[in-house]
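Each of two forms of one protein chain follows alone as C-alpha cells, named structure 1 and structure 2.
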Structure 1
Amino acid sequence: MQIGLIGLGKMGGNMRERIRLAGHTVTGYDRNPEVSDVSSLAELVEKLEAPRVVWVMVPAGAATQSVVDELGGLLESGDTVVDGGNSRWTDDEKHAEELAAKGIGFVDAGVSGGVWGLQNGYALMVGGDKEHVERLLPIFEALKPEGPYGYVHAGKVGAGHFSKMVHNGIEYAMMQAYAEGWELLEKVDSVTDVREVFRSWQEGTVIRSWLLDLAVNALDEDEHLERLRGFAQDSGEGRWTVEAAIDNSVPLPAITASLFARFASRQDDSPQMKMIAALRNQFGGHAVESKE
C-alpha cells in the first residue's frame, strides 16, 4: 500500500526503509531536503491517492501539533493520520477531535525499538477506532518484528501512547535495577569479576532479559564504565508515567525512584544536600565541606 511518512530522522528514516523492504510505497517528507522525497507537506499529500494514510514521526509537542494542524488543512475526509512519535497520551484526544471535525481519522502508535528496529522490527502499541486501525494493518505488519508478538491494538485513542509511556516507565525501573546491582557488586572486594557475573546471568536466571544483554555489551566495551560520566537524561515518558500515576492515585515507588535518580545525576551539586549539611552544622557543629 501507499503511505506518507513525515519526519525522517534516526527513527523515521529506518522505518521508511523497513516499510519499503516489505513492498510498500513510502513517500517521505523531512525539513532536511537531503533525505526528503518531496519538498513540502502539500506535495506529499498531493502524491498520495485518497483515501490517504500519513504517518507523523516528529518530536512530541509543538512540532507534532504543527504537523497535525497543517495536515488538517491539507487532507480530506476519509484520510487517516497516525502519530508514531512520543506524544503525551493527553495530546492524542485533542488531535483526534481536531481531525475528526474534518472527517479525518486518527491513530496513535507508540513505537519501541530504537536503533535496533530496522533489523529486528519495531514493537507497536496502537490506539484508535477499529476502522482506522485496520486500514493500517499492512504497515504495522511491515514494521513489527516477525512472530506473534510486537503489535497490540491497546484500546481507544491515546491507548497506544499510554501503553508505550508505561513501557518506558517500566524500562526506567528495570535499568535502575541492573544499575543498582552493578554498583553494589563493583563496590565489594570479594566479587572479583563483575562483568563475568553479568555475562553468566544471561541464561538460567530469573533476571535474564534483553537489557541484561545490552549491559554485557556495554561492559565488554568498557569493563568498569570508566569512560562515562554518571549523567542520565530522561526523555519525558518517565515523567508522564509518574504524573499519570498521581492522577490515578497509583503508587509507583520504583519507577519514581528511577526518575529521581536521573534528575540527581544531572546536578553538579545538590541544593537539598547543602541544606542537610547546613542543618547538621547548626545543631551538631558538624563540619561542612565548603566550596573551597
Structure 2
Amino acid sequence: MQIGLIGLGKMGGNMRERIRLAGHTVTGYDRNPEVSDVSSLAELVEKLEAPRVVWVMVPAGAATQSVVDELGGLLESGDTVVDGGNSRWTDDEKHAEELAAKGIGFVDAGVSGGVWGLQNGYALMVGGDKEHVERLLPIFEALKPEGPYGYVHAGKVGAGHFSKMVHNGIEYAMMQAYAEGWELLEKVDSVTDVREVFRSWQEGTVIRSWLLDLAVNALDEDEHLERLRGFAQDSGEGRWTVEAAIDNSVPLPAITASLFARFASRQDDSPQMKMIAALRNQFGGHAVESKE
C-alpha cells in the first residue's frame, strides 16, 4: 500500500520506518530537508497514486490546521487524510466537515507508543466512518504491536483522539502516584536503597507496569534524579480531559490532582516532578531541564 506521511519527528520518523518494514511504500515530508523524501506537500501528493492516503503527524492546533487546509487544496475526491497527532477531538469534527465538502475522507488516530513504537509497535485508537477506516487497515496492522490487541475502531470522527486524551489523563495519574511514592521513600531515613525497592516491584506486584520499568531505567541513569530540575510540562491533553469531565459531570479526582501537581512544579524544584520529568523523557523522549 502507498501512503504519504507528513511530520518525521520522534514519532513520525519511526512510524515511517515501521510501515516500510511491513512492506508498504511511504513517502515522507518534513520541513527538515535532511529527513524528508520530498521538498513540498505538493510533491508528496504528486507521488501518490489515487485514491491517496496522507497521514499527518504534526503538533496539534495551528500546525495541523495549516496542513489540513493545504491538503484540502491539493487532494481530490476519494482521497483520505489521517490525523495521527494529538489533536483535540473537536478539531477532528471541524476537519472532517471541511474535507467532506470536497469529497475527501477523514480519520483521526490516537497513537501511543512514544520513542519505543518502532520496536514495540503503537497502540492505535481510531475514529471515523467505517469505509475510510477499513481502507487503512493494512497500515494500522503494520503499526500496531504483534498479536490481537493494540488497535481499535473506537467510534465516529473524534473518538480516536478522545480515547487517546483519556489515555493520557490516566497516564498523568499513574505517573503522579509513582512520583509521590518515590519522594516519600527518598525522604525517610530507614529506606537506604530506593532504586532497588522500585526494581523489586517489577515482578509479582499489582503495581508493576511499563511505566514502573521506565522509572527503574531512569533511576539506573541517575539514582536520585539529582541531575534533573523538578519541572514537568503538560501537553494539553490532561487539561482537555479535565474539561471534558466537567462538561460531562464525571468526577476525575486523581487525574485532576495530577494535572494540578504539574502546575505546582513551576513554582518550586519539586522532587516529585523530577520523577515525572524522567518518566516523560523515558517513554516519549520529552525534553528535561537539568539542574544547571
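The shown structure was predicted, so the numbers you read here are calculated from the model rather than taken from an experiment. Rigid core here is just the name for the largest C-alpha set that superposes within 1.5 Å across the two forms. Numbering runs along the sequence of structure 1, starting at 1.
- Structure 2, not structure 1, is the form predicted alone.
- The two forms, fitted on the rigid core, differ between structures 1 and 2 by less than 2 Å at the CA of L21.
- With the core fitted, the CA of A278 sits 34.8 Å away from its counterpart between structures 1 and 2.
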